[in-house]
Structures are given as C-alpha cells and as structure tokens.
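Only one chain is included here, represented as structure tokens and corresponding to the form predicted on its own.
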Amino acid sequence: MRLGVLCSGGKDSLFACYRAMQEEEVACLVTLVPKNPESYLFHTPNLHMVPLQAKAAGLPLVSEMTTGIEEKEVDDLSRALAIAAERHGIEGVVTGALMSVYQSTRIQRVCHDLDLWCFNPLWYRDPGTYMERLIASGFRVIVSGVFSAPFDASWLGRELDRDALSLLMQYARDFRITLTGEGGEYETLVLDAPFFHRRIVIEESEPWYRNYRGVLDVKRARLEER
C-alpha cells in the first residue's frame, strides 16, 4: 500500500514514518504550514526544515498552507491529502498521533471522506518504551521548543539522548508533564533518522526564551554525508 506521511519535522511523525516503512511503501511526506502560530491541529516551530528532511529521506513532499483556524484546518488538510493522492497515488495516511483524540478524530474523518486508510502506529504506545526505541533506533532529535515548567533555556537545542530521557522521566514524575511532550510541553526537530540518506547539520540558529517558553529558530542548515 502506498502511504503519505503527515510530517511536522518532529520525532513522532518521523518515527511513525519509519514504522510505516517497515510494513508498507511510503510514497511522500505531507506537511501543512499554518499561518496562525497557535494552530489547533498542526505543529509550527521550524516547519521550514521539513523540505530538507524530505531531501534527506529521498521522498517527495506535498506542502500546503493552512489558515490555522480551528475546523477550517480540516478543510486544508483534506485539500493537501487529495493533492497527495492525485500526485503520488497514496492509498493511506500515516500520523504520529500518540494520544490526542482531537487530532486523530479529525484526521480519520478526512481520510474516511477521501477513502484513504489511516495508520497510527504510535497510538497509545507506552511512552517510556517508545522513547527508548526512538533513541535505540538511531534517531538524532533535538528539542526545538519548550512551553512549560520546569524547562529552562538550556533545553533549546538539547539532544534527546538517554541522559535527557532520564531527566524527562523525572519531570514526568515531579511536574506531571507528558514524557513524550504530547501535552505541548516541548517540541522536537529530527536531524537524522535510520531512513535518511544524509543527515542535517544546523549552521545557524537563534534561541529565544522567557518564562518557561522558548523556541530554537533554525536560520540555516545543510545536508551532510554520513
């Protein structure tokens, strides 16, 4: 089955892509770029990095703008998936949804309307097991945004390795954050993955941080041979 992967550039969507590749054929990545930074449905930090990730993976990309307005985003998603079906012959859609009923029900509705299969390989997987497998599989992931206590500015650009995971597990116990960031506490950016042919190197970035909220804005990046 030919699949299109909804890709935000973060760990969940690209790990879902990796899982889908083990079972089916991934034909393209699909990304929605919100005009509204407070989008209800779509990730916003560093979305401009997705085209570079698509090149690293050797996959075509369908990229469409979205209003970022609640419910109107669903129409924009439908348009993007219809384009992916026409251009790349996709028969199903892969999402990185973990626990968000809001997100998954809307995507499933669009898929149903377009007669596309919806595949959610991470849905309600054990968070600790998932994060361990992410690291063990060879993903290189950095924190690209923080939006909650107790994250300080040092987390911006920090790699999600086992030391970081240990600290996140402590935060989950002491501050009741979600280990995976599913509650919006932090966002991530994938720089390398097992299915990338080249890795991403950040050449210039600009962090901003205030009151437990911050983003690492990637200004310039390139692909590098392994």
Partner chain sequence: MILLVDPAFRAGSLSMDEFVLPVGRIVERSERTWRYRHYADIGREIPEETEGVIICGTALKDNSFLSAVDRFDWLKATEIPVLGICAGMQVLCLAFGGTVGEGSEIGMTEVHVILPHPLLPPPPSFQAYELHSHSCEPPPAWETLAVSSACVQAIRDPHHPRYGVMFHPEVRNDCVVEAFLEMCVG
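Residue numbers count along the first chain shown, from 1. Everything quoted here is computed from the prediction, not taken from an experiment.
Below, we refer to the form predicted in complex with its partner chain, which is not included among the displayed structures.
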| query | finding |
| --- | --- |
| Contact residue in the predicted bound form, from 116, 135, 80, 142 (heavy atom within 4.5 Å of its partner chain) | 116 |
| Contact label in the predicted bound form: residue 126 to its partner chain, heavy atom within 4.5 Å | yes |
| Distance check, residue 215 to its partner chain in the predicted bound form, heavy atom within 4.5 Å | no |
| Close approach of residue 104 to its partner chain in the predicted bound form, 4.5 Å, heavy atom | yes |
| 4.5 Å heavy atom contact, residue 154 and its partner chain in the predicted bound form | no |
| Residues of stretch 1-36 in contact with its partner chain in the predicted bound form (4.5 Å, non-hydrogen atom) | 1, 3, 19, 20, 23, 24 |
